[in-house]
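Here's a solo chain for you in structure tokens, the form predicted on its own.
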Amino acid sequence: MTTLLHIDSSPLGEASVTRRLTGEFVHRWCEAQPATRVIRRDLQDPPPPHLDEAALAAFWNPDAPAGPDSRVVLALSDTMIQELEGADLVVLGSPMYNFTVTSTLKAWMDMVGRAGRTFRYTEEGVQGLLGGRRAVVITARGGFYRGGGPTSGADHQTALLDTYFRFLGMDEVMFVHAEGQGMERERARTEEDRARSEIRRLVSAGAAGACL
């Protein structure tokens, strides 16, 4: 049985392109593999807190958190890490905001990127502790960044998320981009449909037992 962690980070609710597309991925995946267990994490309900000095101290010394607020943050971090540890497949919706990820997604990344839990330092370098898991990142962007065009260098979103998941030990990180969402409606719809086609391909590959 596959366990799928479904994460959304868009604040737009039903108007969100990434929420529509992650929802479609999860729906199609569960149709193809009905035994799938789905864990849901909506980073807008409620948003993860941004880390402060007390929370960071609790991360470094979890046996002696500094106070009640840091204990709450530590417990939430533990829960979010357990969700990742329990998943075989992570499906993440990430709209591009100012060339990178939303602040809520960055806060989640800070909450689960913990030395000794999801990665560790060794004499040979950093070792990710979440190997054997795959990630599918579904993005929406107002413009066009793929294909080495003039704005491709401004895409700090893809590089950040690819680096982050691989840092945690995931060596299969796949991206589906719905670009042009700030363009005229017909162009935006065409690009969203292109992303839907890519989702169908990925789900079919995974349902057939192949690597995504």
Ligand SMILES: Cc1cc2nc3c(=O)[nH]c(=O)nc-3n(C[C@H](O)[C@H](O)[C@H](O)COP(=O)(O)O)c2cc1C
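Computed from a predicted model, the values in this text were never measured in an experiment. Position 1 is the first residue in the sequence shown; the rest follow in order.
Below, we refer to the form predicted together with the ligand, which is not included among the displayed structures.
Per the 4.5 Å heavy atom criterion, the ligand in the model of the complex is contacted by stretch 136-144, the sole one of 104-112, 136-144, 70-78, 123-131. The ligand in the model of the complex comes within 4.5 Å of no heavy atom belonging to T22.
Although the partner is absent here, M96 is a contact residue: one of its heavy atoms lies within 4.5 angstroms of the ligand in the model of the complex. For V203, no non-hydrogen atom is located within 4.5 Å of the ligand in the model of the complex, even though that partner is not displayed. Proximity of V17 to the ligand in the model of the complex: non-hydrogen atoms within 4.5 Å are present.
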